[in-house]
Each structure stands twice: as structure tokens, then as C-alpha cells.
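For reference, the chain that follows is the form predicted on its own, supplied as C-alpha cells.
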Amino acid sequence: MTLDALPPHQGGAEQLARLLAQALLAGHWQPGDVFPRELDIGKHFAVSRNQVRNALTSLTAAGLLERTAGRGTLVREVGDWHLLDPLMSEWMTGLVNLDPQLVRAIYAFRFSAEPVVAGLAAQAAQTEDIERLESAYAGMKSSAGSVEARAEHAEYDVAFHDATYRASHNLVWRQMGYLLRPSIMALIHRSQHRTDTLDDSLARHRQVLDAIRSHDASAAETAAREVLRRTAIDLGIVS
């Protein structure tokens, strides 16, 4: 990919880092590709070399790039990316066209982790946690029938998953839910193209809600796994 395919840049090094990171996260450059030189980036965006160097330093610190004397700057393997770095979470915010390899990796983690989180939520949920889940589910239900409300529905869907992580009352899982929020949003946007999928999703989310409300950890784990199963099958994570 050339720099010409990127949107215009405005701002300082942080904004430039975000623009370049989002292009990498969307798969515009693949692992092993040679990344554009500092000089070329500076000339293309009409910014100082110092600004470019600072932006590339952020991308390197996040594990996206490897800068080696004599070889230039290379895109690192996805497995080397620091996906739980808060900067990565910030760069993913608002990005719905994540690289397919990255989508699969994140979803595989969620498919393993979220049933555990739902089980913990069923054991630890308090009244306010149940109310947050009920409110998010009600929003999903009210917005599911309208194509125009897809963005609103996605927000409620993310809120439901966020409320589940929060209801676990486990500090580490709570922070994990926060860091995963942008990728969860991107994945939800990808799966909203069919009304029957939304109807099925609503029924499965309701089962998670009922299980957590009943403090049934085993049922909550099973229900949470079923929420994720259809997309997991589509991505080849399970058969």
C-alpha cells in the first residue's frame, strides 16, 4: 500500500501515529512489509521529520513496527503487537475495518474468556449490575428492528458486554473489558448485516441475562458461549 491511499493528516505526532496505526490495524500493510521511510512520510504529509520520528516511536513501542539499522522499518507479526496497550485500544476506537487476522485472534480470545467472565458475573452480580444488564438489553431490543438504529443497537450491545465484565467484580477482567471495548464494537458492526442474526443474538443475550440474574454460573457460561458461537463458526474458530 502507498501513502496516497491514506486520509489527510492534521495535528501533531499523536494524530499522525493514530492515522498510521489505524492503517496497520486495518491490514493496509502486512507483516513483513517494508514500512515507508521517515523522509517519505514527512514529505507526503508535509510535516517535520521530528514529528514523523515521534509517531513511529509510538508505533514501535506498541509492537506494530520494528526499526532496524540497514533494513529500514518493517511491519511486525500480529502476534508481536501489544494489543492490551491502552494506546492500541485508543487507536482501535472507531475503526470497524480491522484486519481479518486480527479479528480472528481477538475473537478467539473472547470465545475462550467471556464465558468465564459471565460465570463470575453470575456469582458476583449485585442489584446495580443486574440493572445495567437489563438496561443494555432493553436498548438492544428496542433498536433491533430498525436498520437506521444499527449504530445505536451496537452501542447497547457493547454496553451489555461491558456490564458483564463489570459484574464479575474482578479488577483484572474489568480492565480487560475496557481495553477490549473498541474491538468488541468493531466486531459487532461486522455482524449486524442480517436482521435474523439480530433476532438470534437477542435471544442468546436474554439467556445470558436470565442466567446472571438467577446467579447460575454454569448456565451463564453456556449462554455466553452461545452468544459468540455463530461468529466463531464464521471465522473458523469452532466448527
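Computed from a prediction, not measured in an experiment: that's the story for all the values here. In this text, rigid core is short for the largest set of C-alphas that superpose within 1.5 Å between two forms. The numbering used is simple: start at 1 and walk along the sequence shown.
Another form, the form predicted together with the DNA, is not on view; read the next lines as being about it.
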The DNA contact in the model of the complex: Gly72, any heavy atom under 4.5 Å: yes
Residue-level question: is Thr68 within 4.5 Å of the DNA in the model of the complex, judged on heavy atoms? yes
Using a 4.5 Å heavy atom cut-off, state whether Asn54 contacts the DNA in the model of the complex. yes
Find out whether any non-hydrogen atom of Pro36 is located within 4.5 angstroms of the DNA in the model of the complex, and reply yes or no. yes
Name the stretch: of 24-32, 45-53, 171-179, 208-216, exactly one has residues whose heavy atoms fall within 4.5 Å of the DNA in the model of the complex. 45-53
Kindly check if the Cα atom of Gly72 is displaced 2 angstroms or more between the shown form and the other one relative to the superposed rigid core. yes
Flag for Leu16, CA shift 2 Å or larger between the shown form and the other one after aligning core: yes
